[in-house]
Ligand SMILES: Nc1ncnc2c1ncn2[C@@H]1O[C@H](COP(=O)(O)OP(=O)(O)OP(=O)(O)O)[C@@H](O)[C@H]1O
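One chain is shown next in structure tokens, namely the form predicted on its own.
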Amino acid sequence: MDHQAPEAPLLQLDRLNSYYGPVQVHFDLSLSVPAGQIVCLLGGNASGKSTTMKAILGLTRPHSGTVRFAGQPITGLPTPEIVRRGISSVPEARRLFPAMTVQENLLMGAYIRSDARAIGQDLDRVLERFPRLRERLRQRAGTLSGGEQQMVAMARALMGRPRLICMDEPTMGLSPLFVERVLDLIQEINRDGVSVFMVEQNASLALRIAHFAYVLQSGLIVLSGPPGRMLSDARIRDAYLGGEPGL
């Protein structure tokens, strides 16, 4: 019988140990994001979620362990190089340039690129997906609503033509209507072939769209599996999903 080797994950974190000063934040943290999937990392405040995102994006360097993307180690590379290799981010609180226009913010997502014609085509494509932003191209980003700013952050990430988008708390602070729209957009982006790694505190929302989930507690992965299994197991529901919106 022909046994094919499983495809290597697009993103793989292998036994990360991270510290802030003397305080250890990760304890042999390992997780992976297969190509084409939405994977979420759940956990409450101070669980180590944001540090995980920073380690992937090169904003912090783990004390030990390896981050691999497309089979190549990227641990410790500068953030622009990590972006160049195909990882974009939608940071927590969006981190737009408030005094710049929506269009200028979107073009910042393509700052590593020099193909002006293709950038223009990608801008048109992104605005087809986010038609509300087309109406606000000349508007300063700081004057937009929270939901509109989140759309700008997502559209900006797409302008880098990423293979993987890392999203940090993408639904935080949004109205229920915009939460639904953002979840729909994440699924649309994923259907277009972009993998998604999502850090989220609201477990029930994340599990609605994820293919696989990890639960992080005090720097340790305490649970992992497909969302259906987590939602159907009463012990898991009570222990980790009972106190919505957090964990």
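Since the model is a prediction, treat every value here as computed from it, not as a measurement. When you see a residue number, it is the position in the sequence shown, counting from 1.
The same protein has a further form, the form predicted in complex with this ligand, not shown here; the description that follows concerns it.
Chemist: All three of Tyr20, Ala46 and Glu169 touching this ligand in the predicted complex at 4.5 Å, heavy atom to heavy atom?
Modeler: Yes: each residue has a heavy atom within 4.5 Å of the partner.
Chemist: So which of Ser50, Asn202, Ser32, Asn190 reaches within 4.5 angstroms of this ligand in the predicted complex, heavy atom to heavy atom?
Modeler: Looking at Ser50, Asn202, Ser32, Asn190 one by one, just Ser50 meets the 4.5 Å heavy-atom criterion.
Chemist: In the predicted complex, does Glu104 come within 4.5 Å of this ligand, counting heavy atoms only?
Modeler: Answer no; every heavy atom of Glu104 is more than 4.5 Å from this ligand in the predicted complex.
Chemist: Within a 4.5 Å heavy atom cut-off, is Glu81 in contact with this ligand in the predicted complex?
Modeler: No.
Chemist: Is it the case that Leu11, even though its partner is missing from this view, gets within 4.5 Å of this ligand in the predicted complex, heavy atoms only?
Modeler: No, Leu11 sits far enough from this ligand in the predicted complex that none of its heavy atoms falls within 4.5 Å.
Chemist: Please check if Met230 has a heavy atom lying within 4.5 Å of any heavy atom of this ligand in the predicted complex.
Modeler: No, Met230 is distant from the partner.
Chemist: Sort through 51 to 59, 207 to 215, 64 to 72, 32 to 40 and report the only stretch with a non-hydrogen atom within 4.5 Å of this ligand in the predicted complex.
Modeler: After filtering at 4.5 Å, what remains is 51 to 59.
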